[in-house]
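First comes one chain, alone, set out as C-alpha cells in the form predicted alone.
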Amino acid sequence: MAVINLWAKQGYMSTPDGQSIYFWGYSKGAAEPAQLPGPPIIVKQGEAVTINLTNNLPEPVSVFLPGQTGVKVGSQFVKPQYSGGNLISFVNYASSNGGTVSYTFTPTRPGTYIYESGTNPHKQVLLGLYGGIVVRPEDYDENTSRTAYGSGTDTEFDREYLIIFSEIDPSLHQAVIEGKPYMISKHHPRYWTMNGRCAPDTMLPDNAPYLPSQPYGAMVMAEPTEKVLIRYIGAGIDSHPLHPHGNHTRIIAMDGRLLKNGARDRSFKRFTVLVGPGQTYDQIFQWTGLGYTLDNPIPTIIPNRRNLGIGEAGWTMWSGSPYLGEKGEIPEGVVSFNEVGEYHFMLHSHSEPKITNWGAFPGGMMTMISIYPTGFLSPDVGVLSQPVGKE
C-alpha cells in the first residue's frame, strides 16, 4: 500500500517582477513549506493508496480526486458535505486548524489526473490547493518497460515531464489575508503559471533554493529522436491554448483515457492543445529535427540576427551557431542563456496576454523545449519521482 501524507498550509510565492503573493497549498511534510503546485503523487495501477491530510488552514479543506473511483473515508464512500442546507464540499474534509482526514482508493486506470480541494473550490483551488497524480500501468518498470499506458499501447517514452497550468488574481489572495469578501465573477488574473512559476522562472531548475515554495521547473529537455512524454493538467478556471513553436505533439490520452478503440489507434498530432479546467492531456513529443541529419545539419531557416533578442532585456536562447552542439557569436548587447549549442523552441500559451507578468513581456505561461546534443543529458533529467511524503 502507498501512503501519501499531505499538509494544507499557507505560504508566499514569488513572481519574476518582485512580487510576493500569499497562497494556500499542499505540503509534503509537517516541517516543509506549502508548495505550488502540491507534491506529485506517483502510484501504480492496482496499488491501494491512502492519502492522509492534515489541515493547518483556518477553514475546512479536502482532497478531491477526479477520475478515481471507490474513494472512501473509513469504511464509507466519500460524499458531499452540507452546512445549513448549503453544499460546502464535494467530499469529506479535514476541519480547520489541525483537523485530519484519510482517503483510501485503488487506481484502476493508468494516466494523468488532478487532485485538488473539493471544499469551496472556487476559492481554494485558485489559492493553490491543487497537484497532479500519475498512475503507472501495472507492468511499468523504470528500466525495462517505461510506458504511459502499458506494453503494447505505443506509449513508450525516454523522458517525462508534468506541467500544471493555473492563473493568479492577486486581489483574491489579498482579500483572503485581510478577511475581505471576493466576488469570483470579478476574477481577473494578472499572472499565469506553469508548475506554479511565471516565465522566465519556468526555465529555472527544480528545487531552486530561491523559490522554496515553487520547487518544480517547466523546462522540457531531450536529445534528438528521444520520445518525451509531456503530461498537461489544467488547474485553473481558464482554458489555455498551448503549443511548441514549429513542432507537433502526438496526443495519446485525454483525462486519463488512452486514445485507442480496441486495436484501433485514435491518437493524433496537434500543433495547439487547448487545456481546459480540470483536463489532462498525455502527449508524446519526438524531435527529429525537421529533416535534421548528419548530412543536413542546418534543418531550418536561420533567423535574422536582429530578431534574436527577447524583450527589452535582450535575452536569447540562441547559441550563435546553427549547428547542434556548437556555439558562435551573438549580436552585441544580447545575453545568451544557451549552454552547449542546444536548440530551443518556445512552449507557451497562444493567448498572448498570458505570456506576460502583470502586462510585462516576457512572462507568464512560457517555457522552452530544449534539444541537447546526443549524449549530453544525464539519464536523471526528465524523470518523475515521488517526493518525500510517500511511505
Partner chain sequence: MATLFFSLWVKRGTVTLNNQNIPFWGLATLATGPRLPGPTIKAKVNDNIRIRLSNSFLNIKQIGEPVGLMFPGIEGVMVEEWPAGNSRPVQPQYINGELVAFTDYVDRGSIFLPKGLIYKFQAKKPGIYLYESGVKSEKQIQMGVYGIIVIKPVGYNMPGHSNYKTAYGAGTNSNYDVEKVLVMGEIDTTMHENVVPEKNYNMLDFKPNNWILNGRVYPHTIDSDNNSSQPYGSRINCRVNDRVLLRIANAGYEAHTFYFGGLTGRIIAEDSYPLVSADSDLSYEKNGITLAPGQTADVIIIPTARGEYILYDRDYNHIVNEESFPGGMMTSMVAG
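Numbering follows the first chain given and starts at 1. Keep in mind the model is a prediction, meaning the values are calculated, not measured.
The next section is about a form of this same protein that is not shown, the form predicted in complex with its partner chain.
- The chain is drawn here without its partner chain; in the model of the complex, the stretch among 223-231, 115-123, 204-212, 145-153 whose residues come within 4.5 Å of it by any heavy atom is 115-123.
- For the candidate spot formed by Y22, P39 and E178, no residue has a non-hydrogen atom within 4.5 angstroms of its partner chain in the model of the complex.
- Contact annotation: of the candidates A235, M194, L242, I168, the single residue with a non-hydrogen atom within 4.5 angstroms of its partner chain in the model of the complex is A235.
- Proximity to its partner chain in the model of the complex, defined as a heavy atom within 4.5 Å, singles out one entry of P33, P322, P331, P66, which is P66.
- Interface residue remark: Q279 is counted as part of the site for its partner chain in the model of the complex, having a heavy atom within 4.5 Å.
- Not displayed here, its partner chain is approached by R109 to within 4.5 Å at the level of heavy atoms in the model of the complex.
- Proximity of Q174 to its partner chain in the model of the complex: non-hydrogen atoms within 4.5 Å are absent; the residue sits far from the partner.
- Within 4.5 Å of some heavy atom of its partner chain in the model of the complex lies at least one heavy atom of S185.
- Residues of 254-270 that come within 4.5 Å of its partner chain in the model of the complex, judged by any heavy atom, are M254, D255, R257, L259, N261, R264, R266 in sequence order.
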